[in-house]
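Coming up is one lone chain in structure tokens, specifically the form predicted alone.
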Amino acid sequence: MMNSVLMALHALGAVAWVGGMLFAYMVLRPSVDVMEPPHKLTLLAAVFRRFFIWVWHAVVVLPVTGYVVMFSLYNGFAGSGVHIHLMQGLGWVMIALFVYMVFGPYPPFRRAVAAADWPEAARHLPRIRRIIGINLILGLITVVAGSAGRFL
């Protein structure tokens, strides 16, 4: 029963993070690109602030639930399949990229939006988008590894 709850929490964490990135990159991004910079950048700052709270939760929930399940079901690293190692490795790369983004380009972006310095805010946005795009690709690969990897 406990492993079922942990797996459900693990799946929900992945859905929240990867699904949020998919929405942000494929739906929100093209939709706001037609807006004027003050409106667009203000909206994106608000979206990022709220979304990053959910990602911080996923950054904690995913490794904790993943490792507990790995050690209880697979007896650790040695008993885990390649798909588990791939999922784990890509997950850490995604976490590292997220942490870099939150402490790298995001604070100056946020400060520039707060100061209504639209050119400065716009200067930081491509790096944030690039990291989200890379993490989206890694996240989709991780989802495939986690859901279908044992069958490949």
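Source: prediction; values computed, not measured. Residue positions are given as counts along the sequence shown, with the first one as 1.
Keep in mind that the form predicted together with a small molecule is missing from the display, and what follows is about it.
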### Query
So which of 69, 43, 102, 122 gets a non-hydrogen atom within 4.5 Å of the small molecule in the predicted complex?
69
### Message
Based on heavy atom distances of 4.5 Å or less, which listed stretch (61 to 69, 48 to 56, 108 to 116, 33 to 41) is in contact with the small molecule in the predicted complex?
### Response
61 to 69
### Task
Verify the contact flag for residue 18: yes if a non-hydrogen atom of it lies within 4.5 Å of a non-hydrogen atom of the small molecule in the predicted complex, no if not.
yes
### Query
At the 4.5 Å heavy atom threshold, is residue 83 in contact with the small molecule in the predicted complex?
yes
### Message
I'd like to know whether residue 132 contacts the small molecule in the predicted complex, with contact meaning heavy atoms within 4.5 angstroms.
### Response
no
### Task
Using the partner position in the predicted complex, report whether residue 143 sits within 4.5 Å of the small molecule, counting heavy atoms only.
yes
